[in-house]
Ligand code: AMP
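Only one chain is shown below, in structure tokens, and it's the form predicted alone.
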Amino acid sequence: MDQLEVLVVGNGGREHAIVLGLSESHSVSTLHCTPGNAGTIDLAMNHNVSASDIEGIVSLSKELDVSMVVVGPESPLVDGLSDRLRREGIPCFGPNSEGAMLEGSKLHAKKIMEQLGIPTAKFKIIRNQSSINESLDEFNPPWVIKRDVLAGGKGVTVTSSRKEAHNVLKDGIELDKFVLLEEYLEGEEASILVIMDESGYVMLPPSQDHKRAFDGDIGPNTGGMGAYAPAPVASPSVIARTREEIVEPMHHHLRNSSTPYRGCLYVGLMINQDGSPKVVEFNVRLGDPEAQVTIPLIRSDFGEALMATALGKLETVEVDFSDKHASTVVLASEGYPGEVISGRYVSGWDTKIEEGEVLGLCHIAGAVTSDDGRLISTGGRVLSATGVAPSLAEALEASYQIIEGVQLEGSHYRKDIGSGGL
């Protein structure tokens, strides 16, 4: 494969992880990122084009004459970025807008799962406020309520309060005309990222995200406060069932679409006590923070795998994984996931650990570099401290060693990431 010039779209911790993985790929010669962040700038040339500016990204890709575009966030995929790039003859890792609707519309995803017989929670569409109480009676609490919009991983409410459930449903109907009410699934969550195109697919090591804001899985839902991989809850038998009951039928469906799916299908699972996996959600991109703990476990050439997928030739490359463990712990700004405080200096983030087989570093997310070269928080999830080591305990030790050395006034992080895996 010729040396690749790659443009990565996005500005979060996931994009920093993608850029870092590509920077270690022998197949990649030059990296660009738009708009990028204070972490990507050390590895790639950042450009001032927003991830939502479809035509701007297409123009930039042509101007730079890149070999491939890798799209991090979901919104530009739903808006048709990969469709536009491919019309210009530019390979793109990221599905077309039709495929991206698996995340763009939860109802669309549910209908596909029904059609294919994929195991998932029972659900009901609620369109009228007058039917809210009757609908709540049909499901046992806690109630799961989902808006049918892109919501950055935060468009779901899980509550045992009937009053809260009623209010969330009422507000959702007013905003979106309808809301999904779902059966609550008991069990333990896991995520499996699947790189796929029409020629084949590769399942990455299973990971487990921590969605709630505070220790003990309490507090509001967030975009993710940390993750680790591989997650032991996704045992070999669970992975086999996921492959047979979920990934295979989805791959068969997507490869036969009018425009084949080329990118990552994120499979969010709930695994019950007898090891039966059900789909909680599909996303159409590498997860955040799951990307931070799965990309470092890819031992083969990351750039080669993404390029092959973008060309519909994934089956022609070998993708293999290390037997190490990875963990990442998110540092969030004061107030997150509510009204956040930004504009504060961040220090200590550039510490790295390289001790034998143990590695540790920060993935930058919501932060920018100031004029004097210092890091400034822009709110939300500011960074994540990632450790890679022969054991999960060592990986977590590296993550926490790094994050404990980061100073950001008012920030918070969970201290129990990976405890289930241990």
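Predicted, not measured: the structure shown is a model, and the values here were computed from it. From 1 onward, residues are counted along the sequence shown.
The form predicted together with this ligand is left out here; the points below concern that form.
Against this ligand in the model of the complex, the set Arg344, His363 and Leu408 makes no contact: no member has a heavy atom within 4.5 Å.
When you look in the model of the complex, the only residue of Asp148, Glu281, Asp301, Asp197 with a non-hydrogen atom within 4.5 Å of this ligand is Glu281.
Between this ligand and the residues Ile90, Val144, Leu254, Ala109, the one pair within 4.5 Å by heavy atoms in the model of the complex involves Val144.
Though the partner is left out of this view, Lys324 does not reach within 4.5 Å of this ligand in the model of the complex, counting heavy atoms only.
Among residues of the shown chain, Tyr184 is one whose heavy atoms approach this ligand to within 4.5 Å in the model of the complex.
In the model of the complex, Asn221 approaches this ligand with a heavy atom inside 4.5 Å.
For Ala121, a non-hydrogen atom is located within 4.5 Å of this ligand in the model of the complex, even though that partner is not displayed. Just one listed stretch, out of 310-318, 168-176, 235-243, 273-281, contacts this ligand in the model of the complex at the 4.5 Å heavy atom level, and that stretch is 273-281. Contacts to this ligand in the model of the complex (heavy atom within 4.5 Å) from stretch 186-208: Glu189 only.
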